[in-house]
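A single chain, nothing else alongside it, follows as structure tokens in the form predicted on its own.
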């Protein structure tokens, strides 16, 4: 019986494990998911926590309850991967052998890389979202700045989405005229996806969101409430929402499998770690230049599950990941957009409408039933 170890739960890990459990023949493999705390968190809900529209407790579930009974679960910290010995070393001196390894360890936040980051809020963790929610509840006017602290980062549309939802939030509170919304992008455009940038730029103009491009955060001064850029610009704020710098997981870095940022060099079609025929990578952990998002991990997980099942059966892997991503974004006022794209086809500027907003609400509601259980 072959041993398949999946490092990391979340979207990518759960989809791989559950899909492989369905596709593999009984007795072909033993699947083990290793996760440090055994909690599965629905991260797209963080933004709604900040607005007081989502209960934090409803965004967290026990990973074990989302996995098929045939899948084993180990709650432990993975400390090192040894590709030569085909082993994963866990905290406490334990280790797991594998025939196939799937790395779905996601990304790690590093606010400490920006001097003065304690003067900012963010919505890229549950704790950060709750802190931002509390700050917004007390905020009654002034300069609100949304800034991206470095690339790459999870869910590229989220910062722009947050600016749109803040416009809606302050309007509903009746204080929009007392709030100056500003958006700072380190890129040469407002929105990461070039084909959609004109649409988002126009939406920002309509919502009176002031934008600055080529603004790479160098430091934050919490006392004077200023954020400074590498380019020499300074922006004042009363409330700063800054996306922390990201890197790959510590276990990837400590195992020497990542590049300078801790991202694993990955073949963009087979999803095999380059130079390793038995290690697959899904989700944020890859260095593939495509959205680090739950939808990406979902589609990649299905491909990896199919390919490992085929190899277990002595067949050639049937699937190549084509870069498919589907993403819904909430633009406020019960309107949204949907983006679908892949390696060969960039997203087409979509209409801003209520149907796409409802699509996002549906995904939020049905996520636990459908996505981690690999039912779609």
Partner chain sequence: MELIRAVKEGEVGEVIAVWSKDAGSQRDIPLWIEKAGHELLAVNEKEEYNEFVIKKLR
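In this text the structure is predicted, and so the values were computed from the model without any measurement. Residue numbers count along the first chain shown, from 1.
Unshown form predicted together with its partner chain; subsequent notes refer to it.
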Which of 79, 233, 221, 210 has a heavy atom within 4.5 Å of its partner chain in the predicted complex? 233
Could you tell me which one of 172, 178, 260, 205 places a heavy atom within 4.5 Å of its partner chain in the predicted complex? 260
Look at the stretches 298-306, 186-194, 104-112, 124-132 and give the one with heavy atoms within 4.5 Å of its partner chain in the predicted complex. 186-194
Within 4.5 Å of its partner chain in the predicted complex - does that hold for a heavy atom of every one of 153, 214 and 217? yes
Taking 4.5 angstroms as the cut-off for heavy atoms, does residue 149 touch its partner chain in the predicted complex? yes
Quick check on residue 289: any heavy atom within 4.5 Å of its partner chain in the predicted complex? yes
In the predicted complex, which residues of 332-354 put a heavy atom within 4.5 Å of its partner chain? 344
